[in-house]
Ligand SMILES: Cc1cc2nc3c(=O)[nH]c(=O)nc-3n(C[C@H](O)[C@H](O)[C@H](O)COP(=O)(O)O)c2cc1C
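Just the one chain here, the form predicted alone, laid out as structure tokens.
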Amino acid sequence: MIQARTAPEPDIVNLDELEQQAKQRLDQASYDFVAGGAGSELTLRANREAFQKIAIMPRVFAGIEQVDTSANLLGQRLSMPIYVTPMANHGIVHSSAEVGSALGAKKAGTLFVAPTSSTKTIEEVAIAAKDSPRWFQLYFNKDPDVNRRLLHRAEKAGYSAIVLTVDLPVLGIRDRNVRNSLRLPGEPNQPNAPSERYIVATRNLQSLMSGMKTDLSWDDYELTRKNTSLPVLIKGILSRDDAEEAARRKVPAIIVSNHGGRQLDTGFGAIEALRPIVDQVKGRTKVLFDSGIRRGTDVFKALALGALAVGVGRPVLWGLTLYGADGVAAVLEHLKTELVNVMHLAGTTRLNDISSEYIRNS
């Protein structure tokens, strides 16, 4: 009798090795779509190099028995200050796509941010993430009716916040995708935009972005807020001036991010913008962070610099590639385990204990 094959258990030593394992599973174009950045990928590398310039100061005789990583994020209780940041087209690495990623986040007890450019619909992801925290990321379309319908669908499906991504008025030039003549897998349709369910479009990424509003302004943020009862966050802020304007407009939270190095090349590591922005807004708006998180030490450093929570991107897709939803959960739990270890060694019991006193610039 042929025995049914069981799925392998996720086995993670570190997330860099996990990427190399996923690379062996994927074709070159699919791997490059996830791993690549804009231009010469200087910003992509800067994200990691900037973390390496920050050192953690250990404390001893702290008398710690247990560490508490639970977090409250805009009224959502999470098991860790780590969430899945929005990323396009999860279906390029696994057939379960965003449904698998949402299930993985649910298993780990944390938040999933569903992308506009998704392989699955808003509603399918919501069903997978039922009874767990979920936000919806919006790319602002030049057709106001498209935005209104997407916001209405997100509300109806039970999402609790909107994440307006503002650092992509045009698509960054990504050499790897150009070189590979990338085509997205499966149906040449995008389930979430701009029609009620599908858009008839080519598989070319540039064509899929053709509906984006290129002259995005603060008026568009206010229009988004007007068209939904949900809190509207802003993702993609690096400038103190932009952060100040967000605070002045009472934006509930901003996400410091350079889109994982996928937009503007020759930029700086996103973590370098975090402390200046936190100091600028002085608590008038909450500050989250993503771009370059690979270790629990990175999470600790971002929290020490003032982030309330951090978003994780590419490693989630490597876990999804290899193990589906279980791999996503394993990536998040791995980061949580590393964070617990760092907190023990640094002498902190709770997230609120983590401050700039525990880090140094090397």
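Counting begins at 1, following the sequence as shown. Keep in mind the model is a prediction, meaning the values are calculated, not measured.
Just so it is clear, the following notes concern the form predicted in complex with the named molecule, a form of the same protein that is not shown.
- The partner is not drawn, yet in the model of the complex one stretch among 149-157, 83-91, 271-279, 237-245 has residues with heavy atoms inside 4.5 Å of the named molecule: 83-91.
- Taking the partner from the other structure, the named molecule in the model of the complex has no heavy atom within 4.5 Å of any heavy atom of K336.
- None of the heavy atoms of P133 is located within 4.5 Å of the named molecule in the model of the complex.
- Although the partner is absent here, Q137 sits close enough that one of its heavy atoms falls within 4.5 Å of the named molecule in the model of the complex.
- Mapping the unseen interface onto this chain, R295 falls outside it, with no heavy atom inside 4.5 Å of the named molecule in the model of the complex.
- Against the named molecule in the model of the complex, the set E98, K107 and G327 makes no contact: no member has a heavy atom within 4.5 Å.
- A heavy atom within 4.5 Å of the named molecule in the model of the complex is found for one listed residue only; from L332, A46, L322, V34, this is V34.
- Contacts to the named molecule in the model of the complex (heavy atom within 4.5 Å) from stretch 147-178: T165 only.
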